[in-house]
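The structure tokens that follow cover one protein chain in two forms, given apart as structure 1 and structure 2.
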Structure 1
């Protein structure tokens, strides 16, 4: 059985069509992206016993909120700790494990809902499912980088765009399934979890079966690497453990963390923020439309910005993210005060595209700085920045806003200070990006160990 999953078994022949790899990666990312749509279950989970309305013995929203938080924490932890294992066993084994964890996690959660045991949902979706998220996120990305040495940004953008798109599929699919299964005696959540667990398991297994890795020293036919080494693109490889000893890893960690923090700051509050900043001008329906528009720009930005980074360079791409992002964040309060809805929406949409772009371009940036051999494991460790930002972003926005309102500030004005803080975070990100240099040769893998993927 281990032979079937081994790296040798999935090493592609010389004529393999590399364009079959992106859909294999998308098969996984479109499934795990469902995590971002988990909030559609929040309200139905508060009335599992009461069915029509929440009863005192039903779960509270604060209890349910921990499910998603746990999943994101375990996404970061599994990606960070499974990095070496991922590089050792290869993408098929990792993606299959991710399928078992994510599909199995949903099935455990279905049992948890049926028995009304919250700990089973924490364990199922939060811990087991979260591990599936981490493994499923990192594995296809590093494989794509190896298949597309000429277009690393575009390749990783395709997969990570799938993660954004997964929420767009997961949300309406969940609602449709809950409507189908709901009855006088059930909210339909348990059945929906079970069906989605089975569907996602099948889709992710298809991805794991289709994935291939290129042979050692494989290059796309007709592609000749530039003889003149490109600035900030290494031809060497840095081991996972060695990468942690370089300042570049920590600079990239801050770059990702602050870019994501700023994005989450606006994404998590978008609906309420636009309604409060344009009091009476934006209906709740229009605010929901605003959130939908931001999701579309978030997804499109993942592909467009990462593809653009192949031409303008990773460092320049992040310069654009941070400079433009800081400028637009600083402009949002005055656009709100002027009542300029169109420019407010346009600036927010561009900010969201750069939030998505930041996620999608970072694996290619890592491959440029640390080489492609261990990029999966290094990417996994860098994703702890995402988990940190997942806490930092909402905390900054919520707590500062609450504090200001308690001090007597108008709700519409309470966002301004947090928006300026986000702009400051992006300025710090800009400086970190400015400090990025090539890794010192002492960290490079010695040629005699370069073939060893341990």
Structure 2
């Protein structure tokens, strides 16, 4: 089996069509992107025992919120620890392992729901599934950057847009399956987890079988690297461990962390939030549609913004994200108070496009700053910022919301303070992006070691 999964086995020949790689990446990212649709399970999970309505022994929303947070935490941790392993064993082994973890995590979660044991769901979807998220997320990205050295932003956008679009499939599929399996004795969540686990496992395995890597020093036909590279785009390489010694890594860490925190807390509670902010005006089905719409803009933004960054530069792209994001987050509370559903949804959609664009542009930003040789491993370590944001964002939303409601605030107004905090975080991100400079030459790999492995 090790031979079947080895890098040598999946190294493509000289005439291989590189456009066959994006579908292989999408078959994984569209599956693991289901995490963005997890909020559709939140309300049904609060009445697993009561079925029609929540009983005292049912789980609270704050308890359920940790499922999503744990998944994002272990996404970041697994990506960080598996970065070097990915560069060593190649994407096929990593993607297959991701399929086993993510599909298996959903099956464990199904058992947890059936037995009403929250720790099993934490273990299944949070820990095991989260590891599947991390491994599946990073494995196609560095591969695509190597296949598309001429369009790094577009390449990462193609890979990561699938993760953003996963909820576009996962949200309506989850609702449809829960409706199909629901009965007087079941909310249908357990059966839905089981079916989706099997379907996602099959799709991710197909992607792992289809992936290929280019031969050493391969270049696209007719493409010649520019002798005068763009500003903030290096022709050198920085080793994974050496990258941690540079201020640029930590500035990018804060940039990603705050960009993600600002979006993930809202996205994780999108279904419940819009129903509460527009009480009586948004049905659960419409809220699921809202989640799907956010997913669509999340996905489109990943491709459009990252492709645009090939022309306007990564730093300028992030300036747009942080400036417009801070403005729109500041406007959301007043739009909710005015009952302006259309503008609220429109602003949220634009925010999600930039949120997704931030994810898709960061690997290309890393490749520009640190070179392409170790970008997979460096990207994995940077995703600890996502793990941090996976706790920070939902905690800000869930616990501030609950505290304000306990103090007598109406549910419709319980998100306002958090939205203003998110806007402030984006201002800090803007400042960190302003401080970005090229890496000092002392951190570059020497020519005699550039060809070595880890």
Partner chain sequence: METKPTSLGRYVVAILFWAYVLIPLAWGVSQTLRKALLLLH
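Here the rigid core means the biggest group of C-alpha atoms that line up within 1.5 Å when the two forms are laid on top of each other. Positions refer to the first chain, counted from 1. Just so you know, these numbers come straight off a predicted model, no measurement behind them.
- Each of the two structures shows the same chain on its own, and it is structure 1 that derives from the form predicted together with the partner chain.
- Comparing the forms between the two structures, the C-alpha position of residue 142 differs by less than 2 angstroms, with the core used for superposition.
- Put the two forms on the same core and the Cα of residue 390 is off by 2 Å or more between the two structures.
- The rigid-core alignment places the CA of residue 10 less than 2 Å apart between the two structures.
- Taking the core as reference, the Cα of residue 314 moves 2.4 angstrom between the two structures.
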